[in-house]
Each structure stands twice: as structure tokens, then as C-alpha cells.
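Only one chain is included here, represented as C-alpha cells and corresponding to the form predicted on its own.
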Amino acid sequence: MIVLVTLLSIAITVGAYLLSRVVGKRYPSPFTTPVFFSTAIIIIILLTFGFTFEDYTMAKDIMTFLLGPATVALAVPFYKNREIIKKHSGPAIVGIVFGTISTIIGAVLLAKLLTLSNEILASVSVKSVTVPVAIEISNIIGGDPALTAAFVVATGIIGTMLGPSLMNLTNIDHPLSRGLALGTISHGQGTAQAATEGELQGAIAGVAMGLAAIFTAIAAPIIVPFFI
């Protein structure tokens, strides 16, 4: 029975993603981005048919395992576009550093403005890096790992929903700039969104995601204590 449920859960997830790609192309909108639209469909189906989180866990673990090879596969577009990336490496690194620092400071200032506790402040400060890295940093600076994971996922969803539209409004159309922004601010989810725009966007977003995680691990333990 558990095998059937697992296979059905995987089929629902893959089907929801494919449907979101079709709908997103036909009706482009922040609400039809694959991350948001497919997530909403999966939640609705699971709730409608009474699937529990435990029922979905096995399928989730299998798909999470496949994320490893998928992440490594980002090296392919990176290799294909290595000359372009090398040519713009200086400004790109500066952009990633400033983007990383601004997301940390912006998050802690908002937390202070809303008079949130120091634990929440520390948890939200690392919201723009991938979950495994964010949790480790959160532990070091006094945050709550579960809360941090929630902030990271929320940041990824909001970034993929609003990031492309905001860049369109501000006439940011260079593929390298768009990939840098999405990878730096919205980690893996932003990288996935960037990859749907083009190969170069996906490649530079993958680089930005990795470097932003490194810079955040260095900067957050230095910056956050000043606000606590």
C-alpha cells in the first residue's frame, strides 16, 4: 500500500509541475510560477484526498534524493557559458556580496521595526540561502532551525513569484543580472525559476546561490549580533 501511495504522490508532484509549466507559459503571472502554482495544486490534492504528511514523506525523500544529481547537473550550463561568466566575474561577485549583505541587514531591520524577538530576528536573517546552510548558520547565531527553514521556503516562493515581475518593471533584462538576482535572493527556488528563463540565467543563478551561501555564513555571525 505504501508503495502505491508513494508512486501516486510522485506522479501528483511531477504532474503538478508539468501543468504549472504549461499554465505559466500560457498565462504568465506571479501566481502561475511553477514553485507557487505546483505547490498549491499538490497541497489541494493531498488535502482533498486525505493524504497525511507521513503518507507523502517517502515520495518527498525520494525526490529530495534526486535533487543531488539535479544540482550537479547545473554544472552543464555553467560549463557551456563559462567564458561569459568569467568575463563578468568581477561585477558579479560584487553584486552577490552586496546582495547578500543587503538581504541580511534588510531582514534584521524589518524584524527590529516589528519588535520581533531576537530568536526570530536571527532566524529570518539567513532566509535567502538554501535550507541546509541556513539551518547551520541559524544554530550558530541563536536562531530557531525550524523557523529558519520556514522563512527560507517562504523567501524562495515569494522571490520566484515577484522577482521576475519586479525586474520586468524596472527594465532589468540582461540574462546575467536576472540570474544573479534570483540566485542570490531566492536560493534553489530562484535558481529553478532562472533556469526556466534561459541557460545562462540558470547557470549564473547556480553560481550566485553557492557564493551567497558562503558569504552569508561569513557575514551573518558578524552582522546579526550588532542587532541583538
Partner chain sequence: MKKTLIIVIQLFFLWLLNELGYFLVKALNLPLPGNVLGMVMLFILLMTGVVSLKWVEEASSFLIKHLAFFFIPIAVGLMNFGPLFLQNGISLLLVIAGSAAIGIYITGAVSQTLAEKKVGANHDRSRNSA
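Positions refer to the first chain, counted from 1. Only a predicted model underlies this, so the values are computations on that prediction, with no experimental measurement involved. For the two forms, the rigid core is made up of the largest set of C-alpha atoms that agree within 1.5 Å on superposition.
Although not depicted, the form predicted in complex with its partner chain is the subject of the following passage.
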TODO: Would you please decide whether Val207 lies within 4.5 angstroms of its partner chain in the model of the complex, comparing each non-hydrogen atom pair?
DONE: yes
TODO: Indicate whether its partner chain has at least one heavy atom within 4.5 Å of a heavy atom of Leu200 in the model of the complex.
DONE: no
Task: Touches its partner chain in the model of the complex: Gly99 (any heavy atom, 4.5 Å) - done: yes
TODO: Using the partner position in the model of the complex, report whether Ser177 sits within 4.5 Å of its partner chain, counting heavy atoms only.
DONE: yes
Task: Among the candidates Tyr27, Phe53, Phe49, Phe31, the residue which, in the model of the complex, approaches its partner chain to within 4.5 Å (heavy atoms) - done: Phe53
TODO: Counting only non-hydrogen atoms and a 4.5 Å cut-off, give the residues of 128-157 close to its partner chain in the model of the complex.
DONE: Thr130, Pro132, Val133, Ala146, Leu147, Ala150, Phe151, Val153, Ala154, Thr155, Ile157
TODO: For Val14, state whether the C-alpha moves by 2 Å or more between this form and the one not shown after rigid core superposition.
DONE: yes
Open item on the list: Quick check: Ser29 between this form and the one not shown - does its CA shift reach 2 Å or more after fitting the rigid core?
Closed with: no
Open item on the list: Superposed on the rigid core, does the Cα of Ile42 end up 2 angstroms or more away between this form and the one not shown?
Closed with: yes
